[in-house]
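Shown below, as structure tokens, is a lone chain in the form predicted alone; questions about how it binds or moves come after it.
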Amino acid sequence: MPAISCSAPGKVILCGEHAVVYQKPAIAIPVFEGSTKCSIVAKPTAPHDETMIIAPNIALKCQLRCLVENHPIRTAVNLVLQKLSLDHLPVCEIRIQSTLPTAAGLGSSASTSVALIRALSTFLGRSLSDEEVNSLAFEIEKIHHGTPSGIDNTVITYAKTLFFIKARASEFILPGEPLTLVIADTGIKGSTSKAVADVKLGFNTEPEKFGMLINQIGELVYSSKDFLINGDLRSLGNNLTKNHELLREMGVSCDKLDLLVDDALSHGALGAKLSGGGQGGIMIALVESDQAESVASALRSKGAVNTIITHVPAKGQTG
């Protein structure tokens, strides 16, 4: 039997992170320059209950049964089996390979979950719908992040630019002009669950201050949606920079993120901000397409451990 393979992209939050947990909107974009691939090969002659999991990116190589009960990979297998009303997984080898750094804000956990769920369901004879994949991936995101908004698994499942409000129907939008983003990795591992918990603590301690910051971010996202759809990239860029300033006031930035944001702006970026949980991870810079390489080079010279240039086609264009 040939291998079953499925892949899923990464993602960046264009604007609205953290506020999205409090029912405010956010905009997310799939990133196809980084992805996760899951391949499954049947092993019909292998001993019973010896399914092997191989995931080099997280230094994992062990039998499925050796994973703790609430391990995200084991949970994904169990959720798919339950969804398909099956009581066991035929013996196989599951290999997960990703070009997305972990704990960086690029959606590596959701990307892994989506790729794994799709590969498992296909291997078991019934490919799940996007809605079903998204629902299961969200359950796994809870293991990773505690109280996720659901934005990561949604944008990665559907692989479209997303205007998102928690617990509401997803809205997919198309830019009026093509976007070029430079993504720079600080090399500092961030924890989304910790960052979300820190913002919650701040909100509980200083409700007036944090409530104002969350509301201001929400207003920025609504206007950013309009700028994005209308192709007003300069105004969109200004909003991204303002969004970073508000996130910094929340305490979810760090010195290196601030340094890279300032450097991107000084080299001509239209706007720049941290993206994702913060406290490390990645920042993004909205740039003119012909400036992307020079901005990326400048960010690496300032200490970014890696840069990715991603393009988002405009309405009526193909990727």
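Numbers for residues come from their place in the sequence shown, where the first is 1. None of the values given here were measured: they were computed from a predicted structure.
Although it is not shown, the form predicted in complex with (R)-mevalonate is what the next lines describe.
In the predicted bound form, (R)-mevalonate sits within 4.5 Å of a heavy atom of P148. In the predicted bound form, at least one heavy atom of G277 sits within 4.5 Å of a heavy atom of (R)-mevalonate.
In the predicted bound form, T157 stays away from (R)-mevalonate, with no heavy atom inside 4.5 Å.
In the predicted bound form, (R)-mevalonate lies within 4.5 Å of some heavy atom of I13. In summary, among the residues L240, L181, I165, V196, the only one with a non-hydrogen atom within 4.5 Å of (R)-mevalonate in the predicted bound form is V196. Only one of the listed residues (S224, T186, T192, T112) places a non-hydrogen atom within 4.5 angstroms of (R)-mevalonate in the predicted bound form, and that residue is T192. Contacts with (R)-mevalonate in the predicted bound form, taken as any heavy atom within 4.5 Å, map within 15-31 to E17, H18, V20, V21.
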